[in-house]
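Below you will find one chain, with nothing else, as structure tokens; this is the form predicted alone, and questions on how it binds or moves follow later.
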Amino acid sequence: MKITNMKKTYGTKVALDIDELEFEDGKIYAIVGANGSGKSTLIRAMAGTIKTDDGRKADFGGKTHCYMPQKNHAFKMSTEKNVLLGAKGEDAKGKASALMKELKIDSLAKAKAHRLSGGETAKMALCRTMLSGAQVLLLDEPTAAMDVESTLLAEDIIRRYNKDNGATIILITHSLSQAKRLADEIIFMKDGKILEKGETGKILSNPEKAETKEFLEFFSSEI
């Protein structure tokens, strides 16, 4: 799975400028960087929710993909029905019930989803994503609205999806500690470009680029 010559500009501002970026099947990647570095633009361009300058798209190699945006939509129906939208595979309802129980929103199954809190909506959306059966998951800060306990539960679910399905998972995170816990590799972005990509332990302990080192030092208390 790869990206080549993917660019996105807004007027004179270059939001994304990727020459080449490859992902290995079955790995978890964490995209990190400061606000405005191009992380969300990259994952939205990959998901196809924004059009690149020349219409170029990510090459998923024929694999199915599912995108979970940072701001999740709750349709005006029950939480359970929202979770089951687009569900693939056998016993979807049973799996949905198990996921909601694991994330402690099972008591909200019949509640109106559009009235959920931000954290509850994020949990609902994560459950929905986990039922997609997609071979590639694109997750934009999936736990940003969750508390610490829910974040750790969500990470377990993401990790399990990766292992059970052999899925490739690409997630944006503002938390270096989350990247350390979850990711096989880290991708560091700045000014719409990929400055560094490599094995998580190596990037966090011995980055090659001065810009990566400066970023990590600033957020070192999180690691």
Partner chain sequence: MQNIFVKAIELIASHDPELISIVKITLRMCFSSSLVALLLGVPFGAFLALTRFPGRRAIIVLNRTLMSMPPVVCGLICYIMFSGVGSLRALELLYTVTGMVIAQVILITPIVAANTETFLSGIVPELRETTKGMGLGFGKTLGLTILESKYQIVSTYLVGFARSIAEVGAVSMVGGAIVYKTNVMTTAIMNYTSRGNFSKAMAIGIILMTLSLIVNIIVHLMSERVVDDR
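Positions refer to the first chain, counted from 1. The model shown is predicted, which means the values in this text are computed figures rather than measured ones.
A second form of this protein, the form predicted in complex with its partner chain, is not displayed here; the remarks below concern that form.
Peer 1: With the partner left out here, if you bring back its partner chain in the predicted complex, are 11, 38 and 56 all within 4.5 Å of it by some heavy atom?
Peer 2: No, none of 11, 38 and 56 comes within 4.5 Å of its partner chain in the predicted complex.
Peer 1: Check whether residue 198 has any heavy atom within 4.5 Å of a heavy atom of its partner chain in the predicted complex, and answer yes or no.
Peer 2: Because no heavy atom of residue 198 falls inside 4.5 Å of its partner chain in the predicted complex, the answer is no.
Peer 1: Can you tell me if residue 66 lies within 4.5 angstroms of its partner chain in the predicted complex, counting non-hydrogen atoms only?
Peer 2: Output for residue 66 is yes: heavy atoms within 4.5 Å of its partner chain.
Peer 1: Residue-level contact is defined here as any heavy atom of the residue lying within 4.5 Å of its partner chain in the predicted complex; does residue 93 satisfy this criterion?
Peer 2: It does not: once its partner chain is placed as it appears in the predicted complex, residue 93 has no heavy atom within 4.5 Å of it.
Peer 1: Is there a non-hydrogen atom of residue 148 within 4.5 angstroms of a non-hydrogen atom of its partner chain in the predicted complex?
Peer 2: Although its partner chain is absent here, residue 148 would stay clear of it in the predicted complex, with no heavy atoms inside 4.5 Å.
Peer 1: Select from the listed residues 74, 144, 153, 111 the one whose heavy atoms reach within 4.5 Å of its partner chain in the predicted complex.
Peer 2: Only one listed residue qualifies here, and that residue is 74.
Peer 1: Counting only heavy atoms and a 4.5 Å cutoff, which of 27-35, 162-170, 40-48, 183-191 contacts its partner chain in the predicted complex?
Peer 2: Correct option: 40-48.
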